[in-house]
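Shown below, as structure tokens, is a lone chain in the form predicted on its own; questions about how it binds or moves come after it.
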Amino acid sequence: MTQTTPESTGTAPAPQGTLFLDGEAHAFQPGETILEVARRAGKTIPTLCHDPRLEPAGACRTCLVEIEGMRRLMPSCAMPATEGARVTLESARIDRHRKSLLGLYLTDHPEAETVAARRRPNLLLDMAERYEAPTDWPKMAPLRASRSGDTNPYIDFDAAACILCARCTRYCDEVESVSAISLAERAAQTTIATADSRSLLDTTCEMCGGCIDTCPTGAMAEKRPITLGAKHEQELTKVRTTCNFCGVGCQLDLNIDPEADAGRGRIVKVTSPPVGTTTNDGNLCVKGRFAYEFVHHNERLTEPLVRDEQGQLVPATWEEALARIAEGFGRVKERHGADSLAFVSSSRCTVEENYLVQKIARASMGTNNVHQCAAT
């Protein structure tokens, strides 16, 4: 006998209890943290080290809140919601702590102009401006080691912009399960490293770019936009589309420089949609994130081609090309029978498109010789 659970029926679990956020009552579900309850309620709690795809780390301390009965400020990302808890999200004490913490982060962080040159939004600088963190504290040179000699073509690491939130290493471990990067050294010299400081090409790295996606400061960044001198991400046009490299259907955002290529526009990088908004939850593979240059390749076919009387390929309309295909199939069927034809569809197609391919094979051409490379 199968046991019925809320997950198996698709229904939401019943609320476990109620807590109070700045005096307002809010229900919470089993296993939720204070941060999750607050964000579901539309409340703002800043975070740097938090990613919903990862286990809470409580490392950056920007999400600290006051909980009645507790002497210290507590990290909301790691504190489970409990019945009757009274949580203060904004107070003079929290504001003082937040400004001091952000000010300390800025003491060994590059200036805004330097970071902007990496063409990546910087959550730390955004938060420092929003919460009016001190920017005149004495600066110190970062002691973390970079990997400027890494020969991989996609991912660049700038240790000066790193705040050691460990989102990249945790993503590599918890989501990708490859552990190609990790925290190395100690104290102020702690940095993001590979085994024996090897290039990512010589590690278990799958070049998925997840470390770039989860990094809040741009310490992990894409090499191509930097070397191309592309515009800042905020100046690029984003176009949501579906990755065409396999049948999974991951959603991605094409980042287009509208002024490139004499005003025709050019894709300069691919980014993930926000976590929780699409089926792939912000995750992409190496092809989905980095294999976009074919779009602008000078040998890419952009129109149908058919052979003329001399056997040369010449441009044609879609109607002409499809008519030529139907005519050719008809001649083969008439001469050799329907089973002389076979149809192979692509895993890049949608389920509906693959359905139409088999419909053409069976209903129109009269053959069951149809296959699809993903066998769906």
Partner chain sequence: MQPPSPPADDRSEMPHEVQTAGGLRPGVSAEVARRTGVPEAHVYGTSSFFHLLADPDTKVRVCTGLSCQLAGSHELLAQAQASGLPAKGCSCLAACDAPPAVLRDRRVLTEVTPADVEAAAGDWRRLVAAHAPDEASERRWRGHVGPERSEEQPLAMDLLAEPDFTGAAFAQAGAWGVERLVEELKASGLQGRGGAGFPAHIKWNAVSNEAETTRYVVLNADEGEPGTFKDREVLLRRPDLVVEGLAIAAQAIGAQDIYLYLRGEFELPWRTIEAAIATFQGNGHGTDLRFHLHAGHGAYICGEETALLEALEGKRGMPRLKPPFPTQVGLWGKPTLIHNVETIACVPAIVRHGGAWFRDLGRTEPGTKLYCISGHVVRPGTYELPLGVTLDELVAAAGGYVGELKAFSPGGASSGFLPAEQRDLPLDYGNLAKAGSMLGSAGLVVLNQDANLRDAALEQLRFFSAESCGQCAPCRIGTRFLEEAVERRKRQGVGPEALDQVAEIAWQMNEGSICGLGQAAPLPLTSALQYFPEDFAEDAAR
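Owing to the predicted nature of the structure, the values given are computational and were not obtained by experimental measurement. Numbering follows the first chain given and starts at 1.
The same protein also has a form predicted together with the partner chain, omitted here; what follows describes it.
Peer 1: Residue-level contact is defined here as any heavy atom of the residue lying within 4.5 Å of the partner chain in the predicted bound form; does Y292 satisfy this criterion?
Peer 2: Contact check for Y292: no, nothing within 4.5 Å of the partner chain in the predicted bound form.
Peer 1: Using a 4.5 angstroms cut-off on non-hydrogen atoms, would A193 count as touching the partner chain in the predicted bound form?
Peer 2: Yes, A193 sits close enough to the partner chain in the predicted bound form that at least one of its heavy atoms falls within 4.5 Å.
Peer 1: With the partner left out of view, is R240 within 4.5 angstroms of the partner chain in the predicted bound form by any non-hydrogen atom?
Peer 2: Residue-level check for R240: no, no contact with the partner chain.
Peer 1: Does Y105 reach the partner chain in the predicted bound form, with heavy atoms at most 4.5 Å apart?
Peer 2: Yes, contact at 4.5 Å.
Peer 1: By the heavy atom within 4.5 Å rule, which residue out of I267, L183, A160, V248 makes contact with the partner chain in the predicted bound form?
Peer 2: By the 4.5 Å criterion, the partner-contacting residue is L183.
Peer 1: Identify, from the list M70, L341, A316, A323, the residue with a heavy atom within 4.5 Å of the partner chain in the predicted bound form.
Peer 2: If I apply the 4.5 Å criterion carefully, the residue I get is M70.
Peer 1: With the partner chain left out here, work out from 272 to 280, 257 to 265, 207 to 215, 162 to 170 which stretch has heavy atoms within 4.5 Å of it in the predicted bound form.
Peer 2: After filtering at 4.5 Å, what remains is 162 to 170.
Peer 1: Could you list which residues of 69 to 99 come within 4.5 Å of the partner chain in the predicted bound form, counting heavy atoms only?
Peer 2: M70, R72, L73, M74, P75, A78, M79, R93, R96, H97, in sequence order.
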